[in-house]
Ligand code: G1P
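We begin with a single chain expressed as structure tokens, specifically the form predicted on its own.
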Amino acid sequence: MPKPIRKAVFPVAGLGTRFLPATKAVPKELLPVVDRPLIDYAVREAAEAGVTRVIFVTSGRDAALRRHYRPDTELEKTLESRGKVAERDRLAAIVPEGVQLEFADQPVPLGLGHAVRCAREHVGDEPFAVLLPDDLVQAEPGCLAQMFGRYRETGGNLLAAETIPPDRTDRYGILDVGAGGMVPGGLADVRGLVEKPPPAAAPSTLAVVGRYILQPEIFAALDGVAPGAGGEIQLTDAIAALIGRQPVSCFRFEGVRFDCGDRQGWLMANVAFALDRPDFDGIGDELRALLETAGRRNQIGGAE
């Protein structure tokens, strides 16, 4: 039985340049999807899976993130005095019960692998998870809970995977798992891993997306990798170095992933999560009607 996983690393030191000017003052991970910031969905997903220590890897622009998770008793009192008890309770429950928050510093943005390495002292000598809040997964149970279930069978390193369009391989770490595809819920042994290859050189269209379960040996591997794609320390290069030395598997999770590091993906996530909210007093029906009207209007405009 593999060691249980208690800790999860959240790299959140990025600048969010694709969302400027919105991210000039508000970090990308605090952009809302409906009425919760992106980071909250990822933290809740980790807590659901059983994580008890959350490690944010941040830059010097983390004041807003710290403020978001810091208790605000004055605001809670104000809400209570105005009879907004439900709002007060939601505010008080921002940090899931039993979860401890920690902060590690990434002084210079040198890539995802570098960000993970910056969490070394917090992780210590035990397996851990990595979640990229940009990748918002709509799933029940959550993506990480699904992975934890399979990790108890496989041990080793486990990567979340998704089939992508062939023309997008240069945006992802691409997996070589041999012949055949992967069905949702399926596992495969990883034979190779290439960071952002052009479509003609990609070994498959199976991409690593923002959920990882890693063994502590990844830190030594990160120490040994040279800057890769984009001149950054790539996590995928370090994982590739472990192949043959440790088990490395990939898991095709069940659910829908939204790339919220992209404006279109973020908009789609807002629509999907709003339509899925039973507490919105009919907004789902109103939103569907609006989308249908907009779609008809665009069709008419295209015809003209």
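All residue numbers are counted from 1 along the displayed sequence. Bear in mind that the values here come from a model prediction, so they are computed numbers and not experimental data.
Beyond what is shown, the protein has a form predicted together with the named molecule; the following relates to that form.
J.: Should residue 58 be counted as a contact of the named molecule in the model of the complex, where contact means heavy atoms within 4.5 Å?
T.: No, residue 58 stays farther than 4.5 Å from the named molecule in the model of the complex.
J.: With the cut-off set at 4.5 Å between non-hydrogen atoms, does residue 129 touch the named molecule in the model of the complex?
T.: Contact check for residue 129: no, nothing within 4.5 Å of the named molecule in the model of the complex.
J.: Is residue 114 part of the interface with the named molecule in the model of the complex - any heavy atom within 4.5 Å?
T.: Outside the cut-off, so no.
J.: Even though the named molecule is not shown here, does residue 88 get within 4.5 Å of it in the model of the complex, heavy atoms only?
T.: Close contact is absent here: in the model of the complex, residue 88 is far from the named molecule, nothing within 4.5 Å, heavy atoms only.
J.: Looking at 209, 202, 95, 188, which has any heavy atom no more than 4.5 Å from the named molecule in the model of the complex?
T.: Checking each option against the named molecule in the model of the complex, the one that comes within 4.5 Å is 209.
J.: Just one of 143 to 151, 217 to 225, 98 to 106, 129 to 137 has heavy atoms within 4.5 Å of the named molecule in the model of the complex; which?
T.: Checking each option against the 4.5 Å cut-off leaves 129 to 137.
J.: For the heavy atom contacts within 4.5 Å of the named molecule in the model of the complex, list the residues of 235 to 270 involved, in sequence order.
T.: Residues within 4.5 Å: 236, 257.
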